[in-house]
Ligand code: C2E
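A single chain comes next, written as structure tokens; it is the form predicted alone.
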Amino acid sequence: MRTTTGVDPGQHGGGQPDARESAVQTSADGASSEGFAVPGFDAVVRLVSRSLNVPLVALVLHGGTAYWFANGSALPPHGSRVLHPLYMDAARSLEPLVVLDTQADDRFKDVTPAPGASSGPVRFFASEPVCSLTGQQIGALCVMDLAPRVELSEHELTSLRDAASLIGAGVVLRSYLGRTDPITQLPHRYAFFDDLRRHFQDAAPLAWVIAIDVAPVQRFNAFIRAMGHAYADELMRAVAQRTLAWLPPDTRLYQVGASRFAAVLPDRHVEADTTRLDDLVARLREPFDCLGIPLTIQPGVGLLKIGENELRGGDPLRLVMNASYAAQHSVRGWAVYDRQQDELQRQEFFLVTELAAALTDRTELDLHYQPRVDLDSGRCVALEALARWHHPTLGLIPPSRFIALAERAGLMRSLTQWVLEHGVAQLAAWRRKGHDIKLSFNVSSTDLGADLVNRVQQVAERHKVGLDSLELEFTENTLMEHSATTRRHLTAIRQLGAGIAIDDFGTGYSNLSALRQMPATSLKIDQSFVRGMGTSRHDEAIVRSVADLARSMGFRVVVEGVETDHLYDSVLAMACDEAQGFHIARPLPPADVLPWLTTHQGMPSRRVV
């Protein structure tokens, strides 16, 4: 249904709102006319048009907004069309009005043609009050014709009254759906914004908005999958009851999302005593008994201090959601909105979109390659492929940032495929030039599935590279988290001939029982321990003992983070097989790898020592 806004006080008096205000007037039942849509209104219009044989129908709300129909179809908006006082009188009168011939009625002498009535003025007019179920008037249903009538039969009058009643019920239904959550019976998002505006209209200088997230989205969906919607509904009602008991008197609670509540707090309530927020979190962390089944939730309470100028054109719910999201992942359970954190998250959202484009653009992403040397011979035996993103405006985006973004946004599979395709193609070119080296890739936990085996095999076959020249690196946490499923997939990869490396060893679970069952070929000791070897005896002892243990279990030991000649000499004296780090070479762009391989004379080795 389309809208045509209303009246001009300068022309007709009566203190009516102007056209800009009339689009957001509130009905007697509290329903905003902005984006107005009465359920079933189109059907009612068609019925009354046929019953009374009239081409023009209008619903005029008492706030000044009119919705026009011609021949049963909604008319497009007509801008700031001025409504004649007669329409407004009808919209505010509890009495029906019937004018059989407008030319005989002085009230119609200056009425302009109605929308859609291009062939002449309205000659017949009738209106019936539209009221809510409680009898409060909402407006009037008006019917018009370009020809006069001799009479309006009782049957036609009844049809007009019935149509007005149906529209009144529809307006109430719209108000109910638009302002009240059917599960908790709390007012929801539209009512929240209306009341927040009213808060500032009462000359309040600022407002504290609080948001309560019941649980992270994935966990809330898990409740529904496991227990059903009835359980989730009961949980929301229970959370609402506890929150209402905590709120100051005369403070309304709103349901503003499927699993989120909000309220506008008195200033003093937040600034005077923040321990009250600790109390709210403690209450919400107590188990809930829903339908006889106890449940502990993971609530997040967010706070936002907002002024009236920030409300105009802004979205306070988005801002306070940012805080409640952060609170869900904090020990305290509540957080105040942080503008810098918000900007960072917004930037990350846009970066995700641009990363998706970069994966198909082929100009922003590239691979750098860091050499690994064999400590027995001192020569380069492998290269690790490392993704780089050169953003056109932000410059170089660190891998730690964009890889985490890719994992959260579901882009990791595409990124891994891009790295596989480009890395293996480059390896094939180097091997054709006589360089017998291997290539290792970092693989995310989100990629560790059954299809990874086929993807690696297909890429290797496409570029005619033996699978024994490839190594897939998984973090220690990834390998230890998945147990039997992980081992099955890794075993399939090993059967193809590709190597498997346990990356960043020592920073995760370090589960030795699981480690001995993993079909890995290499273990990479995390650089954080290696870098500390020069100053910490404990770090040196960790590296030495892990290397001894790994080698005794049959793993090839790779040491990361070798950045000085002293560290290099230290790992030479340990049970390590390969070394990698800035002392050997920094990650190289593709164009620099061949010259480096050609000129590299080898590192000091055990055979020389």
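Note that residue numbering begins at 1 and tracks the sequence as displayed. The shown structure was predicted, so the numbers you read here are calculated from the model rather than taken from an experiment.
The protein also exists as the form predicted together with the named molecule; that form is not presented, and the subsequent description refers to it.
Peer 1: Counting only heavy atoms and a 4.5 Å cut-off, does the named molecule in the predicted bound form sit next to every one of P399, M412 and Q527?
Peer 2: So, yes: the whole triplet contacts the named molecule.
Peer 1: If you check in the predicted bound form, is C142 within 4.5 Å of the named molecule, heavy atoms only?
Peer 2: Outside the cut-off, so no.
Peer 1: Are any of the heavy atoms in G64 no more than 4.5 Å from a heavy atom of the named molecule in the predicted bound form?
Peer 2: Close contact is absent here: in the predicted bound form, G64 is far from the named molecule, nothing within 4.5 Å, heavy atoms only.
Peer 1: Is E384 part of the interface with the named molecule in the predicted bound form - any heavy atom within 4.5 Å?
Peer 2: Residue-level check for E384: yes, a contact with the named molecule.
Peer 1: Would R388 show up as a contact with the named molecule in the predicted bound form if we use heavy atoms at 4.5 Å?
Peer 2: Yes, R388 lies within 4.5 Å of the named molecule in the predicted bound form.
Peer 1: Let me know the one among S444, T102, T243, Q137 whose heavy atoms come within 4.5 Å of the named molecule in the predicted bound form, would you?
Peer 2: Selected residue: S444.
Peer 1: Looking at D503, E128, E471, D213 here, can you tell me which has any non-hydrogen atom within 4.5 angstroms of the named molecule in the predicted bound form?
Peer 2: Checked against the cut-off, the match is D503.
Peer 1: Okay, which stretch from 45-53, 557-565, 537-545, 570-578 lines the named molecule in the predicted bound form, with non-hydrogen atoms inside 4.5 Å?
Peer 2: Of the options given, it is 557-565.
Peer 1: Could you list the residues in 578-600 that come within 4.5 Å of the named molecule in the predicted bound form, counting only heavy atoms and keeping sequence order?
Peer 2: Sequence-ordered list: G581, F582, P587.
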